Each structure stands twice: as C-alpha cells, then as structure tokens.
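Structure 1 and structure 2 below are the same protein chain in two forms, each given by itself as structure tokens.
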Structure 1
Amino acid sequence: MNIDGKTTVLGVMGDPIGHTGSPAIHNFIADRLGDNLVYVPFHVRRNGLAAAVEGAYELGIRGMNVTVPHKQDILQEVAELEDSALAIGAVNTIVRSKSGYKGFNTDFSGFMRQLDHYSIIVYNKPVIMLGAGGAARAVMYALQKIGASRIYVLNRSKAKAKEEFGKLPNVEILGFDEWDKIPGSEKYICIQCTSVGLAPLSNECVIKDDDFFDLVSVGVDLIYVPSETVFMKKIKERGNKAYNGLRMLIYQAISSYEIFMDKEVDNDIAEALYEKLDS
C-alpha cells in the first residue's frame, strides 16, 4: 500500500470497534481494483459522534461505515438521507457531498443478497426475527420488501419492539419468553439480529429454551465472530441449516464500496473475500 497526497481515506466508526472486519474487506477490494485508498477503524463514543462527523468532513474523509451504537443517532448528523435509510430509520454508510454527509443503508441489501446466495426463500413464508435494534430494522425492511407472510418479532422489551414495528402489516410482537405463543404447526426461517453470542461472550444464546429451536427450519445469525454461534449450533443439532452473518457483512460492504467509489465490484471479488475471511 502506497499512501500519498492523493490517497482517499475511508473508515468505520463504532463503539466497540476492535472486532470489525470492515477494514480487511475494503482494503482487499481496493487492492484488487487498484484504487488508491486506505480504510481504517475509528473508535467513536456516543457523546463524541457529532464532533467525529464534523471533524471527518473537515479532514476530507470521503465516507465511513457506521456500526453499533451509532446507526440511529447518525441520522441527526447527516445532511441528507437516501430513501432506504429514511424508511429503515438507520444508517450504516455515510458519503461526502457538497453540503455534508449523505446517509445510506446497505445492511438490508447485504441481507437480501445473503438470502439469495443460500437460496433461502422468504416470499410467502413465516419468519421469526430475534431483536428489534438497528440491524433488525434493516432486516425487517428486507423481509417486508421480499414479502414474508408473517413475521414474529421476539424482543426483551415488547414496548420497544412495538414502537419499532408494531404498526407494520403481518407482524406480531412477543417477548423472548413468549416464543411458545408462535404456532407450532409450521416451520420458520429465524433471523438472529441481537448481539447476544458475539465474541468474547460466545457461549450465550438469546433464547434459552432448547425447545424453541424445534420451530426453526433454517437460521441466519447476523453475528460473524465467532463463525458458529450457540444459536447456529442448536439449529444444526436438529439437522437443519444455519448461517452466520459473514456474507451479509461482505455484501453490505461491497454495496458501500460501490457508493464510496462510484464503481461496481464484481462477484469474483466477493467470493475471494469470503474465502479469505472464512479461513
């Protein structure tokens, strides 16, 4: 990597940020495409978000990804919002414009591309979604867009989940301990959207009752560190398929890179990235 006066600077901001795989992904893409850029992590605490965004703009940083806990707070710091970010109410990508940064959400498209890659058919199928935070917003937007027949949202706080999703069609809100109210006559696609099970707390699972997993036909955990979570193990123990969030991470990053640099990234790079990061 040769850094000079023409090097484009990109990054990712979050708290914590030490676990992020984004720098490896974006710098890999840049190397493959021959782009003169560097992508670095920025540890930004909640009370420093506004100053960080203002400082990044003044420093000429072209764009940044935004991860927990800033995906919703960043809405107040951008000059404009792309339609999907506005609809989801969360931003994971900001790109420099003349008036400030513009906010995008590529999490939902990354999630949709992951479903497509693994041939997980959501259209007209019932889905269970665990969690109601920023990542869940993007997943819900995708599930509604694809046309899931029914979406059961399980969350620790029913009030928060109702505030987020209660007015959406074909959605039912339950607490984590109310999973047994979900009809047992069907099998469900289950999307795990919480941070429970994220390293270093890898021995945890958001649903404690093993019987819950008898409802699940296929699972997707948005966590990618560790590569196999307890949630995934419990599904696989029943002979069903479960996937981590690595491909979603890669696909949303590629979408962000395409926005940052205004160019397409072909699927060969996506596959090379997966082989590199999954090893």
Structure 2
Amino acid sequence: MNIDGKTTVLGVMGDPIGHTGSPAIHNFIADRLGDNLVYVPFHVRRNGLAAAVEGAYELGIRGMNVTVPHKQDILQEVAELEDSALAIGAVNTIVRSKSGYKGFNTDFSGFMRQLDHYSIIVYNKPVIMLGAGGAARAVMYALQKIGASRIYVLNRSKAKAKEEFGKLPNVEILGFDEWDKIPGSEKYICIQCTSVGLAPLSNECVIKDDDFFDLVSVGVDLIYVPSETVFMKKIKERGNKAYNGLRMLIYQAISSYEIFMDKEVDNDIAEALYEKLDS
C-alpha cells in the first residue's frame, strides 16, 4: 500500500467495530486491483451517526459500509436511496453523490450472487425461511424478486414475522413448532436467517425436530462462523447440499467495492477471497 495525496478513503461504521472483517476484504481487493485506496474501521455510536456522515462527506470519504446498529438509522442520513435499499428498509453501503451520500443494500445483491454461484434456482420453487430479522428482510426481497412460488417463514416471534412479511401474498408465517403444517409433498430450498448456531453457541439449531430436515432439498445458512453449522450438518446427513454464508459475505463486499469504485471485480478475486477466508 502506498498512501499519497490522491489516496481514496473508504471505511465501515459500526458499534462495536473491532471484530469487523471488512477492512481485510476491501484492502485485499484493492491490492489485487492495484487501486490507490485505504479502507478503515470507524467506531460510530448511535447518537453520533448524523455527525459522522456529515463529517465524512466534508472529509471527502468516497464511501462506507454501514453495519450494526446503523443499518436502519442511516436511511435518515442519506440524500438518495437505491430502490432495493428503500424496499428492504436497510442500507449497508453508502457512496458519495453530488448532494450527499446514496444508500444501497448489497446484502441483498450478495445473497443473489451466492445463490447464483451455487446454481440454486429459486424461480417458481417453494422456499422455507428461518427467521424474520434484518438479514431475513434482504433475503425475502431477493426471493420475491427472483419469483419463489411460496415462502414459509418460521420465526420465534410470529407477531414480528407477521409485521415484517404478513402482507406478502405468497408468504405463510408459522412458529418453529408448526413446521409440520408445511406440505410434505414437496421439497424446499431452506434459508437459515436466524442468529442461532453462530459461534460460540455453535451446537445449536433453531429447529429441534430432525424430521423437519426431510423437507429440505438444499440449505443455505447465512452464518459462516462456524463454517459448518448444525443446520448444515442435518441437511448433509440426509445426502443433500448445504452451504454457509461466507460467499454472501464476500459477494456483498465485492458488490460494495464495485459501487465505491465504479468498476467490476473479477470472479477470480472472489475465489481468492474464499480461499483466504474459508477455514
């Protein structure tokens, strides 16, 4: 890295921020592409978000990723919103425009690219989603956009899931103990969007009844630490494929990078990142 008077500054804002893997990913891509930039972590507290965004703009920071707890609050601080970010109601990427920053949601595009990578065809297929939080929102937007036929959302709080997705015509909301209401005549793509199973509580799965997994033809867990969750194990034990969320993480970063730098990142960089980060 060679910092000079023309170095572009990018970063990630969050609280906490010490654990973030984004600087390693973005600086790796910049290094590979020979881009003159630096990507740094910014510890921004909730009540400092507006001042941080204003200050970043004045300092000429080209773009930033936005993580917990700011993904929703940042909507109030941007000058423009891309359609998917508006529809999802969450922003994880901001890039400077003439009048301020423009907000994007690359969790959504990262998820789409992950499905594509694994050749998981969602169009006209029935899907089961576990969870109804922030990550699930981006997943639901993707599933609707691709055209899943029917989506069963299982969540601990049915009321919250109904509030999030209850108005969508092809969605049915169930509790985790009601999974047997899902017709057994079909097999389902299952997307695990809860935080259950995330390290250090790695031996947990939000679905306790093993018979549930007979419904699943292929599974995607958004969790990537550990690299094989209990959810994934149960699917694989039945001879089916299951993937973790590492590629979604990589692709959301690549999508952000492409927006920041207005250029395409080749897939060999995605593969190199996967090799570097897969444990």
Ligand code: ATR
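Residue positions are counted from 1 along structure 1's sequence. C-alpha atoms forming the largest set that superposes within 1.5 Å between two forms make up the rigid core. This is a predicted model, so every value here is computed, not measured.
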Form selected (criterion: the form predicted alone): 1
After fitting the core, residue 102 CA displacement of 2 Å or more between the two structures: yes
Yes/no, residue 66 Cα shift of 2 Å or more between the two structures with rigid core fixed: yes
Rigid core superposition, residue 271 Cα moves 2 angstroms or more between the two structures: no
Per-residue Cα shift, residue 38, between the two structures [Å; core superposed]: 3.7
